[in-house]
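Coming up is one lone chain in C-alpha cells, specifically the form predicted on its own.
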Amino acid sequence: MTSRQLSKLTARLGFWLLVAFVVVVAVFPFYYAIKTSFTPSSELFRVELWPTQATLANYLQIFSQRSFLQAIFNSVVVATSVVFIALLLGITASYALGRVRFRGRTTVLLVILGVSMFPQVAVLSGLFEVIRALNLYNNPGGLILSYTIFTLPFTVWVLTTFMRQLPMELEEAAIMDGATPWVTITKVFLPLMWPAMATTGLLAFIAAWNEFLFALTFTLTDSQRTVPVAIALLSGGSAYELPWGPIMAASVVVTVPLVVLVIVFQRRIVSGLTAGAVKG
C-alpha cells in the first residue's frame, strides 16, 4: 500500500469516526429518554443499555393526568394558529417586499431580520405589559401573539427570498389577464411556494411547540399551559422527588411527532432553506 493510499484511507477513517461521534452525541439523549421512560422507578439509577423489566407505567401515569392531555391540546392549538398567522402575513409581506419596488425596501428587510435577533428575555417585561393591557394574560391568545412576533421575521425573510426567484413573466401574464394582487398571490405564486412554506411552517410549528419561557410567564392555570410547562411542573410523590420516568415519557410523547414531521418533510425543508442561494 502506497503512502498516498494510506493517507486516503486514514482520512476516510477519520471522517467516518467523526460522523459516528456526531451521531452518538446527537442520538444518545433521545435514546436515554426512551430508555428511562420504560424503566421502573426502582431501576432508574442502574447502568443498563435497556431496562430488564420494561414497563408502560410511566406512560399510563402521564396519560391518566387530565392536565397533561389539556396541555397537548393547548400546544396543538397555539402552534397551529401561529403557523397559520405567520404564513398568511408572511406571504403577503413577501409579495410586497419581493415584487413591489419602493424606497427603503432593503432597510425594511434588515429591520425585520434585526427584530428576530433580540433574545426573549430582553423583551419579556415589555411584552408582558402589552399582553396584560390587551387582557390576554393566561389566555392562548397571549401565547399566539408572542410566538408570532418571533416567528414572523424568519418567515418573511425566507418567503421574500423565495418570492424574488419566481419568474417575473408569471406576474406580468396574470396582470395582463386582469388579476388583482391577491389573485396573483393565491392563484399564481402560492402553488409554487410550497417548499418555502413547508420549511417556514414546520420551523414555526417546532418553535411554538417547544417554547418555554413565554408559556411559563404568560399562563397561570393548568387549563391554559402548554406541553413544555406541563412537563416541567410534573411532580412526584413528595416535594423532594423528581419523577424522571414520567418526565421522560412525556418528553418522548411530545418529541416523536416532531421527529416524524421532520423526516417526512426533510426534502422540502432543505429545498426551502436553500431557495435563492443560487441564481440562474
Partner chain sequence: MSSPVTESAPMPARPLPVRYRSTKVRRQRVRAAWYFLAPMLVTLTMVAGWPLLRTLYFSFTDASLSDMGDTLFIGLENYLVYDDGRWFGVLADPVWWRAVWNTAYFSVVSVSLEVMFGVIVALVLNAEFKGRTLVRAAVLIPWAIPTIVSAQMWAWMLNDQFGIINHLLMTFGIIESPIAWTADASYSMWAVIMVDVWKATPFVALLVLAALQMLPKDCYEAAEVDGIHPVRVFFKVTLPLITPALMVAVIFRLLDALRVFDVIYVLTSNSTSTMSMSIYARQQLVEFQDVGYGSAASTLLFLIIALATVAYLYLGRKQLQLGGE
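The structure displayed is predicted, hence computed values, not measured ones. Positions refer to the first chain, counted from 1.
Just so it is clear, the following notes concern the form predicted in complex with the partner chain, a form of the same protein that is not shown.
Of the candidates 139, 80, 210, 165, 210 is the one whose heavy atoms come within 4.5 Å of the partner chain in the predicted bound form; the others do not. With the partner removed from view, the residue among 93, 87, 158, 72 that has a non-hydrogen atom within 4.5 Å of the partner chain in the predicted bound form turns out to be 93. Using a 4.5 angstroms threshold between heavy atoms, residue 255 counts as touching the partner chain in the predicted bound form. Within this chain, residue 135 is remote from the site of the partner chain in the predicted bound form, having no heavy atom within 4.5 Å. The partner chain is not drawn, but in the predicted bound form it has no heavy atom within 4.5 Å of residue 198. Under a 4.5 angstroms non-hydrogen atom cutoff, the partner chain in the predicted bound form has residue 130 among its neighbouring residues. Residues of 69-108 lying near the partner chain in the predicted bound form, listed in sequence order, are 89, 92, 93, 95, 96, 97, 99, 100, 101, 102, 103, 108, the criterion being any heavy atom within 4.5 Å.
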